[in-house]
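Form predicted on its own, single chain, as structure tokens, below.
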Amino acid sequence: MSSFIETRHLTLDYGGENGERPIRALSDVSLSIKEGEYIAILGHNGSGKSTLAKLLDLILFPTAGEIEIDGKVVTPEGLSDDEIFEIRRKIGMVFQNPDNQLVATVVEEDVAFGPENLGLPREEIRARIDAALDTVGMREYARHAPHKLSGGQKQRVAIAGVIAMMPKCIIFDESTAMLDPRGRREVTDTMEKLNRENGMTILHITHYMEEAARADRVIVISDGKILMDGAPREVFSRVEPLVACGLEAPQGTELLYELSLCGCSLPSGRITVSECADTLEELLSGKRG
């Protein structure tokens, strides 16, 4: 897989006007994101993870450092409005509240909004609407009113609207935060489908450790800096550093960790519910000391 996004020593300061001291939101962040990766980004509130997302989608521009997207270095001084628009077509964004992203009174009209603004032929727009709604499992709701849908269904319609633009990458900025467990599962399943079946690069910013555990790679940001970057099993086995920066491991992983502190001989790197349950069953049956 080739590198799709590169950040080099990325730094962003907020404020600093009228002699005030600026607030550093990101500090010296260097990342390489390959095309087709499925990455979860974790961090406490104010850690800088959403700021990073806005930088990658060119909603914000860095104070220092460099961003390269699909082989092109992007800086506010060096890009025309058309070039910025073209880059944003490659990186879609799904936000926390789907109501803020839905613009039409009928589902299929909402999905059509982006392609229509691209000036595509009617036949192409129709094909993109159908394909996008099929991808998120919402084709049967094409003629429904978005405001009558559940939270998870609304978010899937918002995702379909982004898919219809045919980006290479989608950033989900805490897109499951306002949903109930069923809605979160629906949206996370859609992310996996986009990545596994469509080869799309997925960046999932989340507070839910169980969601992050489903990704191929986990990046932890703390106080504007990268604290950890690795496979979920590697990152979540480091329970103490996670807790120190205001996060936690998946509940099952944390339970096994606490039991190990009490003297139980348990393996590390167990992160799924089934893995943790199997390990506990072995412990209770006496197969582990």
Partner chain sequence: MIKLELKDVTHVYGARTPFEKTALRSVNIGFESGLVTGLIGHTGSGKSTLVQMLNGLIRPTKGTVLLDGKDIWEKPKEIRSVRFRVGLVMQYPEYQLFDETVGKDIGFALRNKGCDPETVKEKVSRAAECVGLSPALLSKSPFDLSGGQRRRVAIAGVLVMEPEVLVLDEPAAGLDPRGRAEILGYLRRYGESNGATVILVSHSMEDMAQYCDRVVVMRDGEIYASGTTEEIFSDSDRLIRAGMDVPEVMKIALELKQRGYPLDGKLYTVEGVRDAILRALGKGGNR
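We call the rigid core the largest set of C-alpha positions that still match within 1.5 Å between the two forms. The model shown is predicted, which means the values in this text are computed figures rather than measured ones. Residue numbers count along the first chain shown, from 1.
Same protein, other form: the form predicted in complex with the partner chain, not shown, and the subject of what follows.
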Task: E254, heavy atom within 4.5 angstroms of the partner chain in the predicted complex - done: yes
- [ ] Spell out, yes or no, whether the shortest heavy atom distance between D229 and the partner chain in the predicted complex is within 4.5 Å.
- [x] no
Open item on the list: So in the predicted complex, is the partner chain close enough to D180 to count as touching (4.5 Å, heavy atoms)?
Closed with: yes
Open item on the list: Considering non-hydrogen atoms and a 4.5 Å limit, does the partner chain approach I170 in the predicted complex?
Closed with: no
Open item on the list: I need to confirm a contact call. Of R139, R217, R185, H144, which residue comes within 4.5 Å of the partner chain in the predicted complex, counting heavy atoms only?
Closed with: R185
Open item on the list: Just to confirm the contact call: exactly one of 203-211, 187-195, 67-75, 131-139 touches the partner chain in the predicted complex at a 4.5 Å heavy atom cutoff, so which is it?
Closed with: 203-211
- [ ] Scan 229-248 and note down the residues that get a heavy atom within 4.5 Å of the partner chain in the predicted complex; none is a fine answer too.
- [x] V243, A244, C245, G246, L247, E248
- [ ] Could you check whether the CA atom of E275 moves 2 Å or more between this form and the one not shown, using the rigid core for the fit?
- [x] yes
